[in-house]
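Here's a solo chain for you in structure tokens, the form predicted alone.
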């Protein structure tokens, strides 16, 4: 398999494509493929020219940390949950998420996600749920990895300056559901940074590794507008 990786040595250098030849196990994941390329004694490109190890990040390799989020064959995915056997063709393209600043190769800076949540005070605080709370959806929303895949694919998200994306919508629902005293404040923030700008493409749900039904969060928050 030919593997094309978009590389960038630092935030201040230009990106460039580098090709590799992968001849390892066919039932491997993309994460395993990168490890396979990186941990040969001599790392060479497809032309046999010596090169450096591919920079990427991970923690659990079990689909629960979100660290290995990247774009594989033009689709945002978690590398540890993307199996080569499920990808079509004999060429694989890997690039970093495009909605975040690149640090090194496939490593990006996603700190804007947490910065937007902090400056909006989207935290539960005192636990004061309303009667008849929807615990099943709350549990689903709480599994969000903050991996950024939903923001990568969202047509409305650019850089997080004003529109904060599906992560913010889901967290707004979770906080408003678990702290009734903050509901009015959270509802206003929701419409300022999500509800008034979301075009409802719902592409965020297509790529979410935790299968969170963001449309349910949107519906519940929209009903609180009045």
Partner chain sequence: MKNVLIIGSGIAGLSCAIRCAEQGVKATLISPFPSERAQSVMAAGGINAVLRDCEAGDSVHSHIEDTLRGGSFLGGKNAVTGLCTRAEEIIRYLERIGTVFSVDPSGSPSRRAFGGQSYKRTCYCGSSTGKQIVSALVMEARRYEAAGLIERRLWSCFHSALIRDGRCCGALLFDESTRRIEAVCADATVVATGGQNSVFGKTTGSTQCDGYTAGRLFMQGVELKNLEFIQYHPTTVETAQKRMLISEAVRGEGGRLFYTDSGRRVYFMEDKYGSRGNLMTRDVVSREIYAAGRDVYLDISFLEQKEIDERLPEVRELCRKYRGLDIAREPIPVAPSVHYFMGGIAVHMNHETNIRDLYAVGECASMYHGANRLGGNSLLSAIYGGWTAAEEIAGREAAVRHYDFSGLAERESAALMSRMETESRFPVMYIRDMLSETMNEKLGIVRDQPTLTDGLADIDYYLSVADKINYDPAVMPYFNYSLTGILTLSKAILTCALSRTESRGAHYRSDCPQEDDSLAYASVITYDNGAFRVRFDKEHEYES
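Positions refer to the first chain, counted from 1. Keep in mind that this is a model prediction, so the values were computed, not measured.
A second form of this protein, the form predicted together with its partner chain, is not displayed here; the remarks below concern that form.
Checklist line | Among the candidates 47, 59, 159, 201, the residue which, in the model of the complex, approaches its partner chain to within 4.5 Å (heavy atoms) | finding: Looking at 47, 59, 159, 201 one by one, just 59 meets the 4.5 Å heavy-atom criterion.
Notebook entry, point to check: its partner chain isn't shown here, but in the model of the complex which of 84, 80, 154, 94 has a heavy atom within 4.5 Å of it?
Noted result: Of the candidates 84, 80, 154, 94, 80 is the one lying within 4.5 Å of its partner chain in the model of the complex.
Note to self: Under a 4.5 Å heavy atom criterion, is residue 110 part of the interface with its partner chain in the model of the complex?
What the structure shows: Because a heavy atom of residue 110 falls inside 4.5 Å of its partner chain in the model of the complex, the answer is yes.
Check: With the cut-off set at 4.5 Å between non-hydrogen atoms, does residue 138 touch its partner chain in the model of the complex?
Finding: Flag for residue 138 set to yes.
Margin query: If we define contact as a non-hydrogen atom of the residue within 4.5 angstroms of the partner, is residue 72 a contact of its partner chain in the model of the complex?
Written below: Judged by the heavy-atom cut-off of 4.5 Å, residue 72 is well away from its partner chain in the model of the complex.
Next item on the list: May I ask you to check whether residue 133 falls inside a 4.5 Å heavy atom distance of its partner chain in the model of the complex?
Entry: Contact check for residue 133: no, nothing within 4.5 Å of its partner chain in the model of the complex.
Notebook entry, point to check: Counting only heavy atoms, which residues in 23 to 38 are within 4.5 Å of its partner chain in the model of the complex?
Noted result: Heavy-atom contacts within 4.5 Å come from 27, 28, 29, 31, 32, 35.
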